[in-house]
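Shown next as structure tokens: one chain only, the form predicted alone.
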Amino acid sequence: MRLLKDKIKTEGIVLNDNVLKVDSFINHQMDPKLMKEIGREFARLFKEEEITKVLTIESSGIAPAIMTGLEFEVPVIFARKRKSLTLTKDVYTAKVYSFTKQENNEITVSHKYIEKGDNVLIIDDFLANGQAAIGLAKLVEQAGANVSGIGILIEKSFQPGAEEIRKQGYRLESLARIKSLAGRKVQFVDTKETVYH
């Protein structure tokens, strides 16, 4: 997706060979126009899937998930990482490891929000090792619902997540695929261009 790649080129900051900082437009401050276009693009990519719910994980996936849900005109659910006093029983749970925060989380979704037969589109901001997306897929499967696809804003293709998701049989669509961050340079998979930061 050209608009997202342009944002990565102009505003992304490479911290090291594994970490790309995008907090000026995705996960601290958000660009609403970009989020709107991301929602449209995911709706285009998954238009044949008869999506009934969009699922993400708090918190960076919420904005693109809402815009995607708006395009599909379906509810958006976010899995909680922290225990809630109001969400204590009748929940689906899965354990996920956060590469960025270097911590394990137990994510939860209430039984009443994902139902058997739902066609669920999973949306997340980054794909590195695939733990969050696979954890979300497990929640969907616990409900007897269908994982209709996984939509990712930024895929770090040099890490094993994309391969693992495809190996498990899920459809994966990533809007920007990064081949390398070596030497503080962003190199995209599908172009020859290298962006220096």
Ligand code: G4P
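When you see a residue number, it is the position in the sequence shown, counting from 1. From a predicted model like this one, the values you see are computed outputs, not experimental measurements.
Heads up, the form predicted together with guanosine-5',3'-tetraphosphate isn't pictured, but that's what we're talking about next.
Taking 4.5 Å between heavy atoms as the contact cutoff, choose which of 52, 157, 148, 131 touches guanosine-5',3'-tetraphosphate in the predicted bound form.
That would be 131.
Mind telling me which stretch in 43-51, 140-148, 22-30, 166-174 gets its heavy atoms within 4.5 Å of guanosine-5',3'-tetraphosphate in the predicted bound form?
Stretch 22-30 is the one.
Hey, in the predicted bound form, does residue 127 get a heavy atom within 4.5 angstroms of guanosine-5',3'-tetraphosphate?
Answer yes; at least one heavy atom of residue 127 falls within 4.5 Å of guanosine-5',3'-tetraphosphate in the predicted bound form.
Is residue 81 one of the residues lying within 4.5 Å of guanosine-5',3'-tetraphosphate in the predicted bound form, judged by heavy atom distances?
Yes, contact at 4.5 Å.
So in the predicted bound form, does any heavy atom of residue 101 sit within 4.5 Å of guanosine-5',3'-tetraphosphate?
It does: once guanosine-5',3'-tetraphosphate is placed as it appears in the predicted bound form, residue 101 has a heavy atom within 4.5 Å of it.
Flag residue 18 as yes or no: does it have a non-hydrogen atom within 4.5 angstroms of any non-hydrogen atom of guanosine-5',3'-tetraphosphate in the predicted bound form?
Answer yes; at least one heavy atom of residue 18 falls within 4.5 Å of guanosine-5',3'-tetraphosphate in the predicted bound form.
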